[in-house]
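Next up: just one chain, as structure tokens, the form predicted on its own.
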């Protein structure tokens, strides 16, 4: 596939749609997942006013002084792993990214049993005082995207010839929901040594499904294989859509048939680029296993030799929480002791 396909998922979102209509959408999703692991979705039903409000508030936050942004720095979030990090504060493939960002997750009270138990990546969010309304918009957006995530996973289940609630019942009844807002400032494309300066370097996502809202600046690139050749193709902004891609755990569950595809960002717009990835993943304690399905009988490829860390997702045994903790310490080594 030379381009990332656009799929109308209205039938998955609309509870009154026919099973035949849902299966038709699911079949298109399955093709995309097998070929490059990326697809755009339209007909998702997420309120455009909410999206615009959140984007405006996010831009207002990143335009504030560094001191104001540091008032909600991640070091204050402790084991909940929430808050702000500055440009260069996050590593991908072992190198600093040229982006700043805010980390959010499911809002939990201090009295929640998981918080009392000290479960990593669980707790309250760190919302800035200004701009007013950002915290409320984030929570409203996460609720809307959680609903969409369940709908899209029902389509993926159908594409695997499984019951529509397969993932909801077994892996994502209480999903791990993580939400990021990233700002990619402009700058030179190479450093003093002639090496590329990526907004975010080549990587795959950790979980099951990522739902990305990107602005009109562009810069997202997806790794593609065709006729034995590897190349990078652009996934430019398409108005009214989200970009979706599958993560390592779905790759693991489908024995490599559905691909967790490497991607990266290079901001060439000459201005800030805003990106809002929403990660809809298995529950923290969900044990990850390969799925039994006739669609997956022959299995797919193990691409560990092509990954930057040379690790095979198919060798993993354990819970999603185990897998996630094995990754986060590499992203923020300075905060590693707060979580691990």
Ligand SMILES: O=C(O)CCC(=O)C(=O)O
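Residue numbers count along the first chain shown, from 1. Since the model is a prediction, treat every value here as computed from it, not as a measurement.
Just so you know, the form predicted in complex with this ligand exists too; it's not on screen, but the next bit is about it.
**Prompt:** Pick from 223, 150, 255, 203: which has a non-hydrogen atom within 4.5 Å of this ligand in the predicted bound form?
**Reply:** So the residue touching this ligand in the predicted bound form, by this definition, is 203.
**Asked** Which of these residues, 167, 84, 184, 104, gets a heavy atom within 4.5 Å of this ligand in the predicted bound form?
**Response** Exactly one residue meets the criterion: 184.
**Interface membership of residue 36, this ligand in the predicted bound form, 4.5 Å heavy atom rule** = Residue-level check for residue 36: no, no contact with this ligand.
**Asked** Can you check whether residue 265 is within 4.5 Å of this ligand in the predicted bound form, heavy atom basis?
**Response** Answer yes; at least one heavy atom of residue 265 falls within 4.5 Å of this ligand in the predicted bound form.
**Message:** So in the predicted bound form, is this ligand close enough to residue 277 to count as touching (4.5 Å, heavy atoms)?
**Reply:** So residue 277 counts as contacting this ligand.
**Item:** Proximity of residue 212 to this ligand in the predicted bound form, heavy atoms at 4.5 Å
**Value:** Although this ligand is absent here, residue 212 would touch it in the predicted bound form, with heavy atoms inside 4.5 Å.
**Message:** Given a 4.5 Å cut-off on heavy atoms, tell me which of 268-276, 289-297, 65-73, 52-60 is the interface stretch with this ligand in the predicted bound form.
**Reply:** Among the listed stretches, the partner-contacting one is 268-276.
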